[in-house]
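Included below are structure tokens for two forms of one protein chain, each presented in isolation as structure 1 and structure 2.
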Structure 1
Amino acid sequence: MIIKTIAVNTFKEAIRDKVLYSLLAFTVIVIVLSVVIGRLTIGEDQRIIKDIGLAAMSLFGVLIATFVGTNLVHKEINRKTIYTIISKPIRRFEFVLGKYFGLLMTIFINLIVMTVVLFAVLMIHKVLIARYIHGFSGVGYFPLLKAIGLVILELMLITSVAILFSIISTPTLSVFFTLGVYAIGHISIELKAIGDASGSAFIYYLCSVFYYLLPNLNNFNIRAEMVRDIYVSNSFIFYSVVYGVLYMSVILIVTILSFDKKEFV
């Protein structure tokens, strides 16, 4: 019950953030403008729209999680409300989970808006443009929903990372750290390959540490397969879900332990 109350309050506070609306508006604009880009590739309109739409949802979802999430605890400290909260019969893990789920609610609402806009753009393009010019091509909508589901899972993981850094670091550094995890997470396989081919023991072990310690976010990216109409097995989806849930669970446990030991003076 306490977690729910904190989550709702966090959600109400987050939706008043101007950064949130700016990012959401920019995402919607990018999705709509993808139609123009799609027109430049005859016969591939819908594929391009889906590719750009999914990329925009992932990128701007991460930016929302980063810029909003890394300020959650810092705002409480600046406004001195953290002292009131921890003085009440609220266990610290309830505070952390409440903040986490509240931010997830914010991200989910934004993703719903982005998804509706993407599907609307696809339907309008299909009915009003592609049918009368050269027909339309591209994969169906069910693979698109699978891709969006994995985007949601990726954002849940990144949100947990943002909450962790918001507790153990300053807001500015937290932004850089969170975006760094996101960037490296998408090139982790290439990073390991660099370490293997470097010939240097130091570089090899350094790349290996990053590879095994940081999340492999490629597990949640099936955009290329979806756009090219390549089948993604249910076993891969299941593995990605299990991997994501386990990783974010570990991050949340570390976050709770870090917050439990944090001194507010």
Structure 2
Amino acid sequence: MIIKTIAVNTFKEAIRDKVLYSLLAFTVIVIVLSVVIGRLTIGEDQRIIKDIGLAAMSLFGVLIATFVGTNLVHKEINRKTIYTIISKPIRRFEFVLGKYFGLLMTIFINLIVMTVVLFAVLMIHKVLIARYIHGFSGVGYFPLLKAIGLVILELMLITSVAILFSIISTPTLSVFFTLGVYAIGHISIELKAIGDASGSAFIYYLCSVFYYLLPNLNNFNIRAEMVRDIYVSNSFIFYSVVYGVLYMSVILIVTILSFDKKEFV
């Protein structure tokens, strides 16, 4: 109940953040402009709109999680409202989880808006332009929803990272660290290839350790496959979900423990 109250308050606070609206506006503009880019190709309009739309949702979603998430706890400290909160019978894990779920609600609402805009653009494009294109084979909304589902999971993981850094570091550094984790998460897959190709047992094991410990955000990226109607097995999606949930659980435990040790004077 306390978690829910903190989450709702966090959500109300987050949606007043101007950064959120700027990023949301940017996403909408990019999705709408993808129609223009699509027109520059031959018969690939819908694919380009889907590609750019999903990429924009992922990228701007991460930016929202980072910029809004890293400021949340710091704002409480800055405005000294944290003293009021921790003096009440609220346990610290309730505070952290409340903040986390509040931010997730914000991101979720944003993604719904982005999804609606993307689907609206695709439908308008279909009615006005695509039906005149020879060989046009429909919009295919369901695969897009699968891809968006994993984008949400990716953002849940990044949000947990953003909150962890917002507790242990300053807002500016937290932004850098969170975006750093996002970048590492997308290139960690190369570590395995480098380890395999190195020919050295030491480098192989070193790369393997980092590969399994660092977040692998490619597990949540099935955007290209879904847009091109390529089959991705349910077991892949299942293990990606398990991976994401367990990884963010560990990060949240570390966040709660860090916040528990933090002293406010």
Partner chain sequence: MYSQKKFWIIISMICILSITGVIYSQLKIDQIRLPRKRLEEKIIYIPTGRFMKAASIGFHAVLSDLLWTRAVLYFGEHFTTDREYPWLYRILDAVTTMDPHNILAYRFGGNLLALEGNRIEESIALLKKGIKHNPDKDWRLYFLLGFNYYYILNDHLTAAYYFEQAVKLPGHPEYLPKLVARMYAKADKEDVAIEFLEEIYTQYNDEQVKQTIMDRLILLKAKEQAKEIQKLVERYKQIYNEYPENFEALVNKGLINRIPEYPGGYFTLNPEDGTVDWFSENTPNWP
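Residue numbering: structure 1 sequence, from 1. Treat the numbers as computed from the prediction; the structure is a model and nothing was measured. Think of the rigid core as the biggest set of C-alphas that the two forms share within 1.5 Å after superposition.
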Form predicted on its own - which displayed structure it is: 1
Core aligned, does the CA of L206 move at least 2 Å between structure 1 and structure 2? yes
